[in-house]
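Below you'll find only one chain, the form predicted on its own, shown as structure tokens.
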């Protein structure tokens, strides 16, 4: 039986924002629909309405010509609408089976048999009795998918499903989604990766500023046309100038860097060695959870090390804290912009002051010079194209892309010689990604250096001069990026260093 989902005149308003503006959309099973749009376009609001997390101000939802009243996710699940979120909601210390039976009233044995049938049918290589913390990101996602399949869904919503997956895991996911679609499940696929839309999806709906701009067959689109529809203007192509030989003027050298954590959920860093010359970008690839966070903290000074293990501009800095390292013109852009790099409840100018809290320009005689901080903040907003002029605005009201522009701008306004960044475009829309990539390329063009830790292999190939991979706290040999294929990098990310 064909499944039909109809969204009729859906609108949802927030203070100063019309998140969904009279959305009309009709979807049918047998197809995979991409839902595209910049951050703030209204995609998340729309799928949250479909999953009962929020209620619309007006409009109706029909499933198979029946009006749905979705006051909660429980209502959505009862009506066979399931959703796999971008951030996994699993208990790490519980087994796969324990996670899957938590929200079910079905007898354990019959449920276990049903789960095993799903695993066998779709060739999911998962041990039901393994603790979730031992699973790869791709396996964790399969657990989330199994949780949905137990309910026999008619509609499956996937929110940024490949953000932490390797290329091989992404291919496996696409095989599964195509099987689900052939079996009659209507799939709504949210992503910022336009290449995935072209590869996987049948039709694509584009949203911009709360409105549905277009719905078209993917076969009639190209990556460039989709990007232009999303942002409302033509994007120029970003290209990095690759020199035959970069400078041999070494800026930073890492020698036998080690870290053994007392926390069993952290990854130990083991004998890491690499160097970066002036004007170079070193890319560090890896599947999420393989020591990237611990390595970033060691490079930033949040975790200190032996003094000679990190040498910057011929000076040992291993024992210095982040503020002391900033004095040497090193800047940092953490992965988690909401909790690690900013305080959402504070205003823009207050967040700008966070990495300059001892600056004599901002503080003198124990008093805060608020005017200087605000003027400095205004320069960042202008120079880095942040979509507000209000330095009094709390950062929680900025979109992900604008917050990232602010935070990158806060670091780069001081003209650092080295930027260490961790997943700088994670979760951003195509326009913001384009801007951040342009900014990083300009840094190298100014003979300044970057260490780019990223789970996005396409980003790494675009921006890096040299590339390596991290696996279980160890780093592979460093290669010229032009000498490494995507397949080779995938093997390195999986730990095949030899």
Partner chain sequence: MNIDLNFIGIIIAAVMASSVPLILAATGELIVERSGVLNLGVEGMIIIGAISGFAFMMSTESIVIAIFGAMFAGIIISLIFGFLTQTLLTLHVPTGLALTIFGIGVSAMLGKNFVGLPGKEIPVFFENLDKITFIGPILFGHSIIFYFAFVFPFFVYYFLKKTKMGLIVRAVGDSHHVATDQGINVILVRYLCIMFGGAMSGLAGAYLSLVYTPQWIENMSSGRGWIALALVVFATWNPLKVLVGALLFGSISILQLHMQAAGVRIPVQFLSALPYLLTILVLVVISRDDRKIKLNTPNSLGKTFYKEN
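Numbering follows the first chain given and starts at 1. Owing to the predicted nature of the structure, the values given are computational and were not obtained by experimental measurement.
Only in words, not in the display: the form predicted in complex with its partner chain, which the text now covers.
Exercise. Name the residue from 354, 102, 367, 338 that puts a heavy atom within 4.5 Å of its partner chain in the predicted bound form.
Key: Contact residue from the list: 102.
Quiz item: Among 84, 150, 215, 94, which has at least one heavy atom within 4.5 Å of its partner chain in the predicted bound form?
Solution: Filtering the options by heavy-atom distance leaves 94.
Quiz item: Just to confirm, residue 133 within 4.5 Å of its partner chain in the predicted bound form by heavy atoms?
Solution: Heavy-atom contact with its partner chain at 4.5 Å: present for residue 133.
Quiz item: Going by a heavy atom distance of 4.5 Å, is residue 415 a contact of its partner chain in the predicted bound form?
Solution: Result no; residue 415 lies far from its partner chain in the predicted bound form.
Exercise. Using a 4.5 Å heavy atom cut-off, state whether residue 77 contacts its partner chain in the predicted bound form.
Key: Residue-level check for residue 77: yes, a contact with its partner chain.
Quiz prompt | in the predicted bound form, residue 345 touching its partner chain (heavy atom, 4.5 Å) | solution = Contact check for residue 345: no, nothing within 4.5 Å of its partner chain in the predicted bound form.
Quiz item: Tell me which of 299-307, 312-320, 103-111, 375-383 has residues with heavy atoms within 4.5 angstroms of its partner chain in the predicted bound form?
Solution: Of the options given, it is 103-111.
Quiz item: So the Cα-Cα distance between residue 134 and residue 338 shifts by 3 Å or more in the predicted bound form; is it shorter or longer than what we see here?
Solution: Result: closer.
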